[in-house]
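Here's a solo chain for you in structure tokens, the form predicted alone.
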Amino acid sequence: MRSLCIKVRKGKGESVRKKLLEDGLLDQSLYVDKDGDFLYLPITSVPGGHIVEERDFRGREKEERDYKALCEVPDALRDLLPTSFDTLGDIAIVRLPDELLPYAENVGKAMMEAFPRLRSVFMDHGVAGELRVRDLEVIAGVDDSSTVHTEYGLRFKVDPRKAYFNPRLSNERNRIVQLVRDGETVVDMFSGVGPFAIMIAKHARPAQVFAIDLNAEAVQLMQENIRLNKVSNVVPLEGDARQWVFDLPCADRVIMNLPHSAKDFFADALTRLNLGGVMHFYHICEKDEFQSVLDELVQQARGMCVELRVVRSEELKTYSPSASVFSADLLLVGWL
């Protein structure tokens, strides 16, 4: 079957494929094609920033293609079936609008039929509490949310009921890895099960990565993941990041992936950042408000007698119809 596609080198294929899947642009009715050092990813519409060409692709069988075609719901509600969902290892997590709640079991069964590798499908009722764990209800398969998730050649033991983990940040984690310089001291203030910290330790050459989390179960999983991926320079720390940062060496790079409340930790993190160091800051806000948030951080830094420069900012993903998750790389330039 003839289709538009994006041509990418194999080394970048996984990150581009995941991004297209998250954005609902990957044509899952067709197999990805390979030719030499390149992958050809079939698309349903043209994304920005990529060169597009046409190519012949092999079609998937119906049951591999689209769970929507297999799902028993009233025709009037079919357009409400989610086009994207999270996959962690062999489990899937999906959010459903209220109109589809009576048909949740049908959705789960259809997804398991369409994707035979899935062991369980869970409905997501949201992230709750200080420890950012998901409220999950099994709608198909086994009621066991623990699994092993693979990302950029690494394996992570995860359990979204016990510890927060976002598979949609895989590209962002890989981006940060590319920025880490040899011999850096890195502090991951809200490490979860350790994906940022372990990926940095495995694929870059930091001197040390200190990985902090308040959630004891997340730290336990992180310790298992450190052993699983055979890294030796990650130091897992349980407790309040606000207190731990003052017991650690000053950092060349600080990761603040706590988008609901990273601002509350900003001053403490800035105090422990070396000159020339970079803070990776994540925040959820209305789509037209992020620049104001960044301006406020720069002014707050000036009040602490240092110059902070925004070297990069990006909208990572939609959080709600009007709000998004944003990231910013903030460089500590020097004293004022």
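As the structure is a prediction and not an experimental result, all values here were calculated from the model. One rule holds for the numbers: they count along the sequence shown, beginning at 1.
Only in words, not in the display: the form predicted together with a small molecule, which the text now covers.
Taking a 4.5 Å heavy atom cutoff to the small molecule in the predicted complex, the contact residue among Phe266, Phe85, Phe190, Tyr103 is Phe190. The listed set Leu118, Leu258, Leu154, Ala140 contains one residue whose heavy atoms approach the small molecule in the predicted complex to within 4.5 Å, identified as Leu258. With the small molecule left out of view, the stretch that reaches within 4.5 Å of it through heavy atoms in the predicted complex is, among 166-174, 225-233, 71-79, 201-209, 166-174. Although the partner is absent from the chain shown here, none of Asp90, Ser146 and Arg161 has a heavy atom within 4.5 Å of the small molecule in the predicted complex. Proximity of Val254 to the small molecule in the predicted complex: non-hydrogen atoms within 4.5 Å are absent; the residue sits far from the partner. Pro249 falls outside the set of residues with a heavy atom inside 4.5 Å of the small molecule in the predicted complex. Taking the partner from elsewhere, Arg134 is found to have every heavy atom lying beyond 4.5 Å of the small molecule in the predicted complex. At a distance threshold of 4.5 angstroms between non-hydrogen atoms, Leu214 is in contact with the small molecule in the predicted complex.
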